[in-house]
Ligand code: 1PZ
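This document opens with one chain alone, in structure tokens, the form predicted alone.
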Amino acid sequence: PADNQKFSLQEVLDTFKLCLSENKEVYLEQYVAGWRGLVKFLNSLGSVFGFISKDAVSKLQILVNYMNGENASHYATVQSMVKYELDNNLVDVNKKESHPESGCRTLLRLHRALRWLELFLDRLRTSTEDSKTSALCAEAYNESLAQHHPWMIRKAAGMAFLVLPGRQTFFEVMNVGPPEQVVAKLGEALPLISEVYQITEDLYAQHNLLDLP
């Protein structure tokens, strides 16, 4: 793939570093940029993760449209977006009605997938050479995304994970260097991703948004 399509763990690390404001608000622009990097990661592993990366790309586009739209000022941070959409009844809180593509709902789908990636990358970081990536990935999935997916998707995901490449391939895809450097870089990146995740999780919990239909 062309260089700008290649995944770079360093790039994702840098982006998530810029994600939080001084008072811990999450900048949407950086969040989207960080996710774009993660999509490159998913795509570089072949079609296995296509079902997640395609969905992520369409969700990112919805957010970008809001960020560039007439109410752009309200979509600067996750916090300002949540406040604006709730204040203006732009979120379908109980059932799907007229706002199936609200920013809050769209971000929630990405948020759940981010948790899965965070758990999976953390397992890769602490794994050994003979660890099975398929098992690591399935464990992370079952702890996170699986709870929100219908049976058919869970079944397809389970099959997809079985053909995952080995740990070495994952490490090469990171474009960082030898395995110990990858492990160190993941050790830097994951706490940042985790913090962004947790701040979003707490915000959504506070407004009862974690189960948006």
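For every residue, the number given is its place in the sequence shown, counted from 1. Worth saying up front: this structure is predicted, and the values here are computed from it rather than measured.
In what follows, reference is made to the form predicted in complex with this ligand, a form of this protein that is not presented.
Q: So this ligand isn't shown here. In the predicted complex, which residue out of I52, L63, V26, V182 has a non-hydrogen atom within 4.5 Å of it?
A: None of the other options qualify; the answer is I52.
Q: According to a 4.5 angstroms non-hydrogen atom cut-off, is M67 in contact with this ligand in the predicted complex?
A: Output for M67 is no: heavy atoms all beyond 4.5 Å of this ligand.
Q: According to a 4.5 angstroms non-hydrogen atom cut-off, is R115 in contact with this ligand in the predicted complex?
A: No.
Q: According to a 4.5 angstroms non-hydrogen atom cut-off, is L186 in contact with this ligand in the predicted complex?
A: Looking in the predicted complex, residue contacts with this ligand do not include L186, since no heavy atom lies within 4.5 Å.
Q: Decide whether R167 counts as a contact residue for this ligand in the predicted complex under a heavy atom distance cut-off of 4.5 Å.
A: No, R167 stays farther than 4.5 Å from this ligand in the predicted complex.
Q: Flag this candidate site as yes only if F16, L20 and H74 all have a heavy atom within 4.5 Å of this ligand in the predicted complex; otherwise mark no.
A: Checking in the predicted complex: none of F16, L20 and H74 is within 4.5 Å of this ligand.
Q: Residue by residue through 27-44, tell me which have a non-hydrogen atom within 4.5 angstroms of this ligand in the predicted complex.
A: The stretch touches the partner through W35, L38, F41, L42.
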